[in-house]
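Taking the form predicted on its own, here's one chain by itself in structure tokens.
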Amino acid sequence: MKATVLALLVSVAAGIAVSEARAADLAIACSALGKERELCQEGIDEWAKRTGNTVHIVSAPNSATERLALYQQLLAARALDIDVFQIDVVWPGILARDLVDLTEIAGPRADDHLPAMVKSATVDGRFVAMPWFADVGLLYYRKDLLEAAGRPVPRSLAELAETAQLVQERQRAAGDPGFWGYVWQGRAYEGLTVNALEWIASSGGGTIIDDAGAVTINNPRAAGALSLAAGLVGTISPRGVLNYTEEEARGVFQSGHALFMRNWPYAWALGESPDSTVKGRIGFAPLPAGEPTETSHAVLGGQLLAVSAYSANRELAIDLVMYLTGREEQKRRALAGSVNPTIPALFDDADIRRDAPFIAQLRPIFEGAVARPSAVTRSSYNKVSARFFDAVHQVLSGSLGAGPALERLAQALRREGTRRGWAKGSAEGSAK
């Protein structure tokens, strides 16, 4: 009997030892901003509970620029410090060579996600990151002021400009000399790349560089869109907009001194907060098209999860990514933190429609979103974007006309593409 009990104890102990040997400790770099860290922690804790492994969060800089630099250093060194990286939607092309190709494992699930995010995550035929949560540009407006003026939400830039001018004059006459019709992001940074691409794509001017690597930006529709945007500065938008980021624009709008604002979904909750001057008086809609006959396009933002090619626990890291980006977890994050899912079917989920109606209303805007040309330009994207927003800023500030600015830009982009091997010709004079 004693021998039997002893044998059983030895067997159990051996099983525990094997179990412990198989358990792994993974590291994930996910955002620590606001509620994002809490939501990330809850998700990885649930996966760890289900699998018997452990996961810890590695602190990364809040600055996107500094975070990307850190990732590049770790991956270049083939470091084992991080198994799973949270990456911006424009980073796959920059980091692709050091990330695991998820095509075989995640490919069948890719169709469940927003096409524009899948496109951003696909580099040279390799699917290197799973969409985690999405972002998209929106037009915010003052419901009360539009109603008082008897004007509808504008559907074109021309209509927006006309309505903004009317309401701006009325508000200034009523005692608010600092009131403006429209605020947006005009500083020479990535935010201006986003704003300008929205103007151009919504005017039929293409997406700077097409999927084949052809430089398409030098075309009449793109030039017309930028010329129209330049005309907003100093009329319905302050000159200071040329130095605005998201927060400067939100500050003016949320303090009650603007009719329209272009911003990301995060601004909604802040605008509806108890201390907001405009609480209960704001609405949102798709961004206006360049012309009434054109289709409105917002630029896609968001985050993805990728697995390091140098992870010592590659299979488990992939499993963690698939869980965190799956339907169940995305729904939980939407309900717990109003995080926009990347799975279109969730926008129609009954629970989300009831408890997070703001998210449910975004589906058509997400489905029409356009991606920045980060996948095709790969490691050149940061340089491409910088050249683009510098050229646009010159047009907006009046130092260079749209035509000459885009001609110079196209030449510079083709040279960069030729050096880096992604340029496939050009398509001047038309947008593709």
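The structure displayed is predicted, hence computed values, not measured ones. Numbers follow the displayed sequence, beginning with 1.
The next section is about a form of this same protein that is not shown, the form predicted together with a small molecule.
A residue is said to contact a partner when one of its heavy atoms sits within 4.5 Å of a partner heavy atom; Thr216 fails this definition for the small molecule in the predicted bound form, lying far away. When contacts are judged by a 4.5 Å heavy atom cut-off, Ile200 does not count as touching the small molecule in the predicted bound form. The small molecule is not drawn, but in the predicted bound form it has a heavy atom within 4.5 Å of Asp88.
Within 4.5 Å of any heavy atom of the small molecule in the predicted bound form lies no heavy atom of Pro288. Stretch-level contact check against the small molecule in the predicted bound form with heavy atoms at 4.5 Å: of 95-103, 123-131, 74-82, 190-198, the positive one is 190-198. Screening Thr325, Gln171, Ser296, Gln303 for any heavy atom within 4.5 Å of the small molecule in the predicted bound form leaves a single hit, Gln303. Proximity to the small molecule in the predicted bound form, defined as a heavy atom within 4.5 Å, singles out one entry of Asp112, Asp355, Glu246, Asp176, which is Glu246.
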